[in-house]
Ligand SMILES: N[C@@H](CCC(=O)N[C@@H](CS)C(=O)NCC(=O)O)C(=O)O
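Have a look below at one chain only, the form predicted on its own, in structure tokens format.
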Amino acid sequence: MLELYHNDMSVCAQKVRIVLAEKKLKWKDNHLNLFKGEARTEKYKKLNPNGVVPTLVTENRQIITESTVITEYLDEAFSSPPLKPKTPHLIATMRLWTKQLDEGIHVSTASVSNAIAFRYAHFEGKSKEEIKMHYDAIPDPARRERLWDLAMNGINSKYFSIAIFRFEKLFTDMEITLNKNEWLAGNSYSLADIAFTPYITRFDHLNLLGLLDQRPHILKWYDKIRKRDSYKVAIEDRLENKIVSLMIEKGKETLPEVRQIINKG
């Protein structure tokens, strides 16, 4: 059986679970609590040296990391239903969308999430020394410095406005595309739509969908996404209510300031 090391609220893990649900695959559930640092243990880092989720262990005990790679692997290994478009050009279009995740979108999501809400979860019940130890344990130095700055400064962090403006560009590109096509890579649902589903969901949970008021085609796309069975199985049924409530609360407080940052830009 397939094994997935994941976290319920991780955007990267969510898109892998959507693929598993679309293909109705059975898998062993290895859930890791990221706030407790369970992805940074020496045991887990033997599977994933970067100390992040998700990690897939195949039926042949092969280890695959990086969520975009995992979703393509699953689509190649389990062909029904196919989640790639039918033509080479549209497959390339799909990959140009998913490529963006590793070129700024995912980092921007982490920046927005941490600045607005997650830093409060990391602080809860910890001394200053324990908080510092938590961030010092992040393996990648660039990621460690960025998340520490976001934790200490929130939306005033130098990384926050960079992240928000990266999303502004993404939303503009998505709106233009979805005005012409039903889905991101043509007129069939694909890995491109799956890849971006958790990221728009995150903005929903952060109470930031107001930023899409003038982008009706994205909202229509998101409405269709949420009606799919795979969305319920992979995301809705696994939401951690305490974390979602924190995001909603802090996002509501922050939205006016976020709008100001965008307007000033």
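Just so you know, these numbers come straight off a predicted model, no measurement behind them. Residue numbers here begin at 1 and follow the sequence given.
Omitted from view is the form predicted together with the named molecule, to which the following refers.
Proximity of L83, S188 and K224 to the named molecule in the predicted complex is absent: no residue of the three has a non-hydrogen atom within 4.5 angstroms. For G51, a non-hydrogen atom is located within 4.5 Å of the named molecule in the predicted complex, even though that partner is not displayed.
Though the partner is left out of this view, E66 does reach within 4.5 Å of the named molecule in the predicted complex, counting heavy atoms only. The named molecule is not shown here, but in the predicted complex it comes within 4.5 Å of a heavy atom of V11. Interface membership of D102, defined by any non-hydrogen atom within 4.5 Å of the named molecule in the predicted complex, is confirmed. Judged by heavy atoms within 4.5 Å of the named molecule in the predicted complex, the contact stretch among the candidates 102-110, 124-132, 84-92, 166-174 is 102-110. A heavy atom within 4.5 Å of the named molecule in the predicted complex is found for exactly one of R40, H217, R228, R238: R40. Interface residue among L56, I200, L206, L34 relative to the named molecule in the predicted complex, by the heavy atom within 4.5 Å criterion: L34.
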